[in-house]
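Below you'll find only one chain, the form predicted on its own, shown as structure tokens.
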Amino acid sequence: MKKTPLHAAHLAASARMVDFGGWHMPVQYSGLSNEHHAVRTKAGLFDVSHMGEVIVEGENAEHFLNTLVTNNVSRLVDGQALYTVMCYEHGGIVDDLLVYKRAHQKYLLCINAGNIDKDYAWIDKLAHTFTKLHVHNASNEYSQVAIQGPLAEQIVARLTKVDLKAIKYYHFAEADFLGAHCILSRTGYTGEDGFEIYAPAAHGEKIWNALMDAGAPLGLIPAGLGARDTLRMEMKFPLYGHEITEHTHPLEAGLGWVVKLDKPTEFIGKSALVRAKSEGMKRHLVGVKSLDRGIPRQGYEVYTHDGKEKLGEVTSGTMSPSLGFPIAIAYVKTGFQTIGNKVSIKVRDNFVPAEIVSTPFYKK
């Protein structure tokens, strides 16, 4: 299994390690619920070094990216990040990703860990149709940690002179951080304030330990993949392989806001998405609250309230640590996505009553 630059730090912290897409990663340290609540109330520190990084530079970098992704890269200013998706020609999703504009015609992409090889092959294939362009898979060159929670800024501020308050949401600064050139990005996957810190791989453990030392007196604790998943589910943030796949398109996944059909550049998958929009959605991604204690899991079927008609299936589900009841994200047939609509979820051999609810589930 692959190991991140912080592997030794996880073992030293007695983390419970698991195989996550071929990576030996911490699923939890002190317990999922404890880590989840720490992020919501104080701060948690995640190792996300398994994520991939791709460098895109050159005279045609902006045009290339606008062909590659659905959102409009042209609107970015230096020091700004953009959430978007890459699509296949049929409109299905290759991956969701972040695009960081570092300078004129100089970008960094952050892609999902389990998709690095597939994504880079897709990116590189398109890149070969462009001139004056350089793309490079730099995933092994970076470590990445995410400090998330209401006290995240206060903790990071103890270690840098960078004016963190000047970094707006979905913006970043490049600066020396603990002796290494880093990207301090005000982004995250939890619904809380915080920073994702990109650093040279060799500096990863030093940065992790420094953040823990600075933050421990304020309640910072290490957090694993388990809490990362429950936190993102409470926000209805999509996860590749669950809410989004090559068989789903961004419009039905509720990601129409990152699809700019009117941008000048013809992007891959546009024709299919225009057609899908014209024909209307056949299904919708919704939030579901279980009205019983049965926890919906990925693949569980969603039915009408009387159990007679199948409407779709659950893509993600958990017992919400913040709310104290089971929640799920699911695709349901058009016409049944209305807030307040009563449905049932088949949990093993039983039909569990549930309700379509507004999202995010967790609201501050």
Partner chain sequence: MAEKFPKQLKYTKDHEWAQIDGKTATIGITHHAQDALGEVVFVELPAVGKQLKKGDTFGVVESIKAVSDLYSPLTGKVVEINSALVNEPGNVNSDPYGKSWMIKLEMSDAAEAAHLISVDDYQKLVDSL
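Positions refer to the first chain, counted from 1. Predicted model, so just to flag it, every value in this text is computed and none were measured.
Only in words, not in the display: the form predicted in complex with the partner chain, which the text now covers.
Only one of Gln337, Thr304, Asn60, Thr318 gets a heavy atom within 4.5 Å of the partner chain in the model of the complex. Which one? None of the others qualify; the residue that does is Thr318.
So the partner chain isn't shown here. In the model of the complex, which residue out of Gly254, Gly114, Gly226, Gly79 has a non-hydrogen atom within 4.5 Å of it? The residue in contact is Gly226.
Option from 294-302, 46-54, 63-71, 308-316 whose residues, in the model of the complex, bring a heavy atom within 4.5 Å of the partner chain: Stretch with heavy atoms near the partner: 294-302.
Taking any heavy atom pair closer than or equal to 4.5 Å as contact, tell me whether Ser33 reaches the partner chain in the model of the complex. Because a heavy atom of Ser33 falls inside 4.5 Å of the partner chain in the model of the complex, the answer is yes.
Is Thr230 close to the partner chain in the model of the complex, meaning a heavy atom pair under 4.5 Å apart or at it? Because a heavy atom of Thr230 falls inside 4.5 Å of the partner chain in the model of the complex, the answer is yes.
Looking in the model of the complex, any heavy atom of Asn350 within 4.5 Å of the partner chain? Yes, Asn350 is a contact residue.
May I ask you to state whether Arg16 is within 4.5 Å of the partner chain in the model of the complex, using heavy atom distances? So Arg16 counts as contacting the partner chain.
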